[in-house]
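Quick setup: one chain, the form predicted alone, written in structure tokens, and binding and motion questions come after.
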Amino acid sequence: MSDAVQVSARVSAVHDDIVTIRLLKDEDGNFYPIIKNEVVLVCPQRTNSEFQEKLQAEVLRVRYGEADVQVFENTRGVAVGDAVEQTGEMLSVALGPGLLGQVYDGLQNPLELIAGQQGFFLPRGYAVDGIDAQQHWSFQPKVKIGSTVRAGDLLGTVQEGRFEHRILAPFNLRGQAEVSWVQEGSFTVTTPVVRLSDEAGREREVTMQQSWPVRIPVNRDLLREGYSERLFPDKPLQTSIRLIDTFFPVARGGTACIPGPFGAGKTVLQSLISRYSDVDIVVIVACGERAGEVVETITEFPNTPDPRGGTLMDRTVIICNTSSMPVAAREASIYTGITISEYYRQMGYNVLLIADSTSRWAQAMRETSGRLEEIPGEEAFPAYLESSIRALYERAGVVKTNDGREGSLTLIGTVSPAGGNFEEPVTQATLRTVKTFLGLSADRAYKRAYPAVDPLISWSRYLDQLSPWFEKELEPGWTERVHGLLKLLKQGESVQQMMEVTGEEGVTLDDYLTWQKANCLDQVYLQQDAFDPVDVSTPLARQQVLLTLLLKCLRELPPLADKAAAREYFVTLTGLMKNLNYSRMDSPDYRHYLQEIEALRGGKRSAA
């Protein structure tokens, strides 16, 4: 933010974190101009702070001579008549090298740095640069004097950990510009490294850091001018979780939601997805969650080994706003996270953004809308709830960058419906937006069937959309086979409900075999042990081998005279297949269990 010293308004009313300000007039008798989403600084005078607090606030509504702003801090001590300064900027984040490995709040304040300076109780109105302005980075230019560049073109690179951080021309650059000066060496992010001269002859110094408004997509102008291009997602995000990759795939650059009640395993599932998915960068937004869960995430990620080497935190950015933090900052945290994600996508990286949870974000919008006395919608959520959710998820996608690279942003949002009610407005609006729904079930979690995604209510529109990829990379008929197994699970559930009324004696042998097959598929393939070093992650190639073997066992049964024989067969088969899941593919144990399974299938007969 620029240092603003001009007092252009005064506080006229305070309602929790919503403050009404009355604009002052300039020398000509006109009100100072103000725009929606501009950031202003409220300066409370009646405090005992050692420094002048300047509370960031965002303009929500502008009326003649006054405006309503939401303050991102506690408004205790703010009173009528307090000075308000304008910054002339929208709510923005700093983009540049040094983001990876950081833990920010919703306004991109580095929490670890503030804790080191001020202690663990963060002072109000205390702001720190989002990117360390003292750290030096070795800049390697990729342009020469006289080169012509456009917005988003590559200017140079620096090494950020294991990643090549691409320094791009400012995203708000208009038209073409010529490089009039460039330097190579070790510099801070605020040191000019390139000087550009536009078509009008105006010169502009470019540093390795640029600022961008969080509510505007990073690539908006690049797509509009045709410098970059949105592509149709045509590859799956390989999470190594069998239930997701096989039955309910998420496209790389796609959208998904994970709604579920408390205790259904959302945190563990999103941790596994972020750890084992085939993406380069992970951004975690802990939006309004309990402080205990946020602390667990912050402490575990730096110590969690990354399958690619190092720790998971080396390629992760965490944005956290707990339920005890101000509501307005909670609402901003989602946009901060997605803007950082778009920045790395524009470099050509595959980015995964996990928003936990969008319910808390929507509740923050509800509180703000109520204080603004807007007309409420269903359950008092704002009438624009669905359009806001759609606008958020639409920022995901696959992009072809200026230099032909492909970058993707996959957005997975968790939803925490009260009482596990999937009919509430946030869940329903999200389901109408995303293309994969992974519904967590309290019953499956109670039975210790993890991941507790209920296959009977979950769905994925990407299964058919990505069918050409599966048919080419795995085998022909893959999608049809998966649809057949989903049908088997539903048939097994129908038999299960019948048996709960009549018992095993009330169903035929064929129906009993259908139930046993569905139960075996569930226990062997859908369930996965997150604490086993082998079963925790199943590559897609191994999933193909396992599913093919399991299908043979289910379709070609040995002679089974009665239900007792069927029960014994499937109990033995399930145990062997689980042991197979726990064995590495190149190990003697794996070969041993394969032989036992083949022996069990001896004397097989065809079973339709």
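The first residue of the shown sequence is 1; numbering continues from there. Note that the structure is a prediction, hence the values are computed from the model and not measured.
What comes next is about the form predicted in complex with ligand ADP, which does not appear here.
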item	value
Output flag, 233, 236 and 397 jointly within 4.5 Å of ligand ADP in the predicted bound form, heavy atom basis	no
Distance check, residue 266 to ligand ADP in the predicted bound form, heavy atom within 4.5 Å	yes
Heavy atom of residue 450 within 4.5 Å of ligand ADP in the predicted bound form	yes
Contact of residue 530 with ligand ADP in the predicted bound form (heavy atom, 4.5 Å)	yes
Heavy atom of residue 524 within 4.5 Å of ligand ADP in the predicted bound form	no
Position in contact with ligand ADP when the complex is considered in the predicted bound form, options 272, 389, 155, 78, heavy atoms within 4.5 Å	272
Proximity to ligand ADP in the predicted bound form, single hit among 170, 376, 261, 425 (heavy atom within 4.5 Å)	261
Region of this chain that lies against ligand ADP in the predicted bound form, out of 159-167, 89-97, 494-502, 450-458 [heavy atom, 4.5 Å]	450-458
